[in-house]
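Have a look below at one chain only, the form predicted alone, in structure tokens format.
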Amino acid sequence: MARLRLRYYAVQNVPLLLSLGLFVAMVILYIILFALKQSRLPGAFELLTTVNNTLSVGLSAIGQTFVVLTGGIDLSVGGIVDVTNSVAARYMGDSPGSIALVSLATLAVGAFAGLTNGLLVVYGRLQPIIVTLATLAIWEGIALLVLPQQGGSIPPALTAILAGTLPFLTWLPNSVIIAVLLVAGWQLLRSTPFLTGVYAIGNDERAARANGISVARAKLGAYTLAGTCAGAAGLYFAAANTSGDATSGTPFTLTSIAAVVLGGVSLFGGRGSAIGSLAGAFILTLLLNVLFFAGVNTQLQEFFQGLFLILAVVASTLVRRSLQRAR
């Protein structure tokens, strides 16, 4: 019985375990290539740069996870990042009150965008891919109205809080602390009826409804959280770069989906974890670093990224099927 339980656990969690294993492997490979190229080990600056470059994608990937777990997809992530990035850069002042108010307003914009997607999907009974593709274009247009040209400014205080280090822990980026808090928050959320309902809907929506789960409420919550996370990604991206750009969110849509896939979240819904998605975001960043230090031509990096993604998904699928046959 114990062996069967262990095998069942392995089958259910193999995508997450593989993504975490791949993350560790990428870290080791990055350290080796960096040491060979620079004749030293990566230090605090490299850690700060890597995590800061990853966290915006990680936040958007966590938001994408909520939607994908329901069996949907959110293509509006890039547009939400665009508009929240622009709002933060244009309207944020230097006073503590202004920083707090505009930061909350930025997250509220993201939440509203996500809620709009949810309402159209749930009550409009429209396909998520159509809805979010349309709202992607809408939010991209609004972002250009808010910030027609790259610019604006983010106060140094917010940049220091989100993308800097603590005075007494200069070796530890604040972004690492934020990432740890995100993991802890996900673990707390796992035990809530809301996330249980999200998983149930992704596995079988009719069965979930028959068991008393409010499908509409769970989906609305998932899309709203996705928008909020995308808004947080836009805010963090603006803080890390100290300015705004109404077109900077374009890559986030595809990278958030790629991170989700690398993290072992099933695109059919009902299986996966935001922890895996966060690991997937780090894998994507580390892969770019590895390709750079390996001397790969920058024009070929996207090719190798795509190839790597396909191989990782195929390997995860083969291992999972092998374990299922062995049950």
Partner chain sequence: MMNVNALRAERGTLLAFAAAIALVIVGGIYRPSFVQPENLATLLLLASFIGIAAAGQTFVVLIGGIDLSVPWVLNAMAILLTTTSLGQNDRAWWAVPLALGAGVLAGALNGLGIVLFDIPPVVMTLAMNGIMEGLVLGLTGGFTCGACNSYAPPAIVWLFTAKPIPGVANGLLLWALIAAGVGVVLSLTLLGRRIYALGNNPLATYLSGIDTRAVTVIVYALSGFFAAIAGFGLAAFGQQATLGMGDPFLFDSIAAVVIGGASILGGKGNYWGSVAGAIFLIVLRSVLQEYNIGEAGRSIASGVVILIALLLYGRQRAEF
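Numbering follows the first chain given and starts at 1. Everything numeric here is computed off the predicted structure, so don't read it as measured data.
The form predicted together with the partner chain is left out here; the points below concern that form.
Among 151-159, 233-241, 205-213, 95-103, which stretch has residues whose heavy atoms lie within 4.5 Å of the partner chain in the model of the complex? Going through the listed ranges, the match is 205-213.
Does any part of Val24 reach within 4.5 Å of the partner chain in the model of the complex? Heavy atoms only, please. Looking in the model of the complex, residue contacts with the partner chain do not include Val24, since no heavy atom lies within 4.5 Å.
Answer with yes or no whether Gln127 is in contact with the partner chain in the model of the complex, where contact means some heavy atom within 4.5 Å. Yes.
Give a yes or no for Leu172: in the model of the complex, does one of its heavy atoms lie within 4.5 Å of a heavy atom belonging to the partner chain? The answer is no: Leu172 has no heavy atom within 4.5 Å of the partner chain.
Look up in the model of the complex whether Leu267 has a non-hydrogen atom within 4.5 angstroms of the partner chain, and give yes or no. Heavy-atom contact with the partner chain at 4.5 Å: present for Leu267.
Please determine whether each residue of Leu41, Glu46 and Val51 possesses a non-hydrogen atom within 4.5 angstroms of the partner chain in the model of the complex. Spot residues vs the partner chain: no contact at all.
With the partner chain left out of view, which of Leu220, Leu107, Ala179, Leu120 would have a heavy atom within 4.5 Å of it in the model of the complex? Selected residue: Leu120.
Taking the partner chain in the model of the complex as the reference, which of Leu69, Ala279, Val57, Val261 has a non-hydrogen atom within 4.5 Å? Only one option qualifies, and that one is Val261.
Select from 64-97 the residues with a non-hydrogen atom within 4.5 Å of the partner chain in the model of the complex and write them out in sequence order. If the 4.5 Å heavy-atom criterion is applied to the partner chain in the model of the complex, 64-97 yields only Ile73.
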